[in-house]
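Just the one chain here, laid out as structure tokens, in the form predicted on its own.
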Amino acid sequence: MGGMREPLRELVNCGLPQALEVMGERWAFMILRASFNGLHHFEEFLSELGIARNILSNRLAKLVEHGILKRDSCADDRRKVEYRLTEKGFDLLPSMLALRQWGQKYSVECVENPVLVDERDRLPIGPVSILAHDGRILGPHDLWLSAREQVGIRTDGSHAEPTETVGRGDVVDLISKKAAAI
């Protein structure tokens, strides 16, 4: 990455150390994966994950405290508790998928079964990518760190404005965009 250099000693003003404080250990990710797979009850997590009861209790409390899971009484039995993903929890899905794909790519013994597919056509999902505001796939050499007050100012001094944004379910024709740019 070019441009500025991040102040690596300043842990307070960076999202990565803050995220790692909440999610930076194996069981938090395993509980999150189980939640994405539809588990909601303490006993389900306990039996499916093979985690110690005290560790599970601690990790669930931490995920609830940080707003990743919410803790609610069951509608049919008020004595039972359900843990459900919040919007903040669902926002971790791309990170989970990126880590999963990285693990599959670099693990010799990893053979994915079941395979994660797109619901519409049932083909495997593509690799998680870094996208520009207009949907272009970016690589490491396309990334640049900029001071907040310099965002949108090109090297020639002109100002850039977002042309379009890409939302959930949008299809971006990257081949046509690339051809038009040439």
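Everything quoted here is computed from the prediction, not taken from an experiment. A residue's number is simply how far along the shown sequence it sits, counting from 1.
One more form of this protein should be noted, the form predicted together with the DNA, which is absent from this view; the next part is about it.
Heavy atoms of no residue among M30, F36 and E48 are located within 4.5 Å of the DNA in the predicted bound form. Only one listed stretch (50-58, 126-134, 139-147, 111-119) carries heavy atoms within 4.5 Å of the DNA in the predicted bound form, and that stretch is 50-58. For the chain shown alone, R26 is a contact residue for the DNA in the predicted bound form, at least one non-hydrogen atom being within 4.5 angstroms. Proximity of D91 to the DNA in the predicted bound form: non-hydrogen atoms within 4.5 Å are absent; the residue sits far from the partner. The DNA is not drawn, but in the predicted bound form it has a heavy atom within 4.5 Å of H41. At the 4.5 Å threshold, heavy atoms of A98 stay clear of the DNA in the predicted bound form, well away from it. Although the DNA is not shown here, in the predicted bound form the stretch 51-82 places heavy atoms of A52, R53, N54, I55, S57, R59, R71, D76, D77, R78, R79, K80, V81 within 4.5 Å of it, in sequence order.
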